[in-house]
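Have a look below at one chain only, the form predicted on its own, in structure tokens format.
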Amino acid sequence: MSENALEDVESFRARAKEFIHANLRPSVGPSFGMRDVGSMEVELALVEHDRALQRALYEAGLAGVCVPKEYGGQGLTPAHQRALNDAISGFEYPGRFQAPTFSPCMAVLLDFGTEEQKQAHIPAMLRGEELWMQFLSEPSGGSDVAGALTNAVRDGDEWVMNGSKIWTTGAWWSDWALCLARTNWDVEKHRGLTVFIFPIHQAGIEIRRIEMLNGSKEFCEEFITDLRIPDSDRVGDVDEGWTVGTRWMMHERTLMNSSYVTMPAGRSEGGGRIGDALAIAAAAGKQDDPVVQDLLGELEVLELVSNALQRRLGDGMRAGTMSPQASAIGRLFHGSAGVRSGSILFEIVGAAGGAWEDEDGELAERGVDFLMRQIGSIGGGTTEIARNVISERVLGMPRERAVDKGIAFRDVPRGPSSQHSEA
């Protein structure tokens, strides 16, 4: 095979299977999720294990399947990535790197980063050396990402940033951030934004962990005070951050079908819950219950439809026959199906969903999972926003009336909790 010839998919699949079976352990549960894993030391050990897994995949030529070779990837096709997803199904994988390090962060750098930024960071991501987070949501903003109040003021060849971000999963153990900030208060809100990158652990950034109802402290809030960022760490043009942001959010919505993400087949679009459900039904002794069998059938259908939908959306967007905004269709279905999947598992568990002991095995903690099921409709962009995107940008329905249209952002009325120092 010549140096420029692509490895055929079946050869790649065989090579991936050989490495995976020889080097990776069978999966014993979610690689990365919202359950409380215990102490800080346990969490950090799991992070380091993911770094080691990612490094092993890199050294085996299985990292960055669709990333260009000049940035440390394999330069292959989405079909090769799907083959890897099939091959790694049932085995451990570096889940903490898939989102948001590879998508949307790496994807945004590939789309908008300078050559220096790509060379500095993408190979490091693929080697497991850099874990990235997105500093996007703000305490006062809700789903209105464009209403960012965190601001950056230019000072020569640097920018000085002040503000706060919230709901950043895993910021306390990550390395770099992709951040949306306001750089112009005298134009409409969408026109005065700029995107930056910077190391998370440095003077000027304070991280506070937020404890959720299940004991997990993965969510974080970041307070940014006089953080100095070199202009070389700006992504895209000044005040054109919304152009970057719309692509950024498209990558976020298409995470489960991204050609940059290694996601074991059967663990993704519809929640990947059918395997869990079968184990729960067996543990509860309900595998022959006709009501439970109906619920299992519903889960199977959700998974099949979700997988088919995501493949169709991915193929359509890559071929240019569908707008990138169609990614919101998959986002909406994924969020809705995930909520229903969590409810179905809770129904199957029965009484153990309300009270359990450690020895309940597969039945334990399913009640907490039920209470946490709405996360899938919020994280990665809310399903409400997805409905708006579908109606306005896919179906072409009239846009909702915007009260801040044509108004400089500094003149948009804001409540006391949203007051912010302005440049």
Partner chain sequence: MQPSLEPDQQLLLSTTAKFLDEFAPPAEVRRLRDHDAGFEPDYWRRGAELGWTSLLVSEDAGGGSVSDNGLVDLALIAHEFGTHAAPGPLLPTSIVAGAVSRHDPGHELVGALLCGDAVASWAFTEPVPNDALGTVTVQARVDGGDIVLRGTKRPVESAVQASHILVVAATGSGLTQVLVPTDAVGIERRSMKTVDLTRRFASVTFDDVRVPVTAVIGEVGGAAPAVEEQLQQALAILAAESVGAMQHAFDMTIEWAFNRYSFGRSLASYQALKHRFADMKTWLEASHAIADSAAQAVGAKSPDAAKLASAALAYIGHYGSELLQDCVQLHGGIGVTFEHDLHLMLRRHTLDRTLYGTPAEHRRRVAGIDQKGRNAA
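Positions refer to the first chain, counted from 1. Superpose the two forms; the largest set of C-alphas matching within 1.5 Å is the rigid core. These figures come from a predicted structure and were not determined experimentally.
Although not depicted, the form predicted in complex with its partner chain is the subject of the following passage.
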property	result
In the predicted bound form, segment of 94-102, 212-220, 244-252, 195-203 with a heavy atom within 4.5 Å of its partner chain	212-220
Proximity of Glu298 to its partner chain in the predicted bound form, heavy atoms at 4.5 Å	yes
Partner contact for Pro290 in the predicted bound form: its partner chain, 4.5 angstroms, heavy atom	yes
Contact flag, Arg312 vs its partner chain in the predicted bound form, heavy atom cut 4.5 Å	yes
Non-hydrogen atom contact Glu43 with its partner chain in the predicted bound form at 4.5 angstroms	no
4.5 Å heavy atom contact with its partner chain in the predicted bound form for all of Ala60, Leu76 and Thr183	no
Proximity to its partner chain in the predicted bound form, single hit among Val153, Ala351, Val238, Val187 (heavy atom within 4.5 Å)	Ala351
Those residues of 362-384 which, in the predicted bound form, come within 4.5 Å of its partner chain by heavy atom	Leu363, Glu365, Gly367, Val368, Phe370, Leu371, Met372, Arg373, Gln374, Ile375, Ser377, Ile378, Thr382, Thr383, Glu384
Large Cα shift (2 Å or above) at Gly367 between this form and the one not shown, core-fitted	yes
Residue shift check between this form and the one not shown, rigid core fit, Gly316 Cα at least 2 Å	yes
Did Gly376 shift 2 Å or more between this form and the one not shown, C-alpha, core superposed	yes
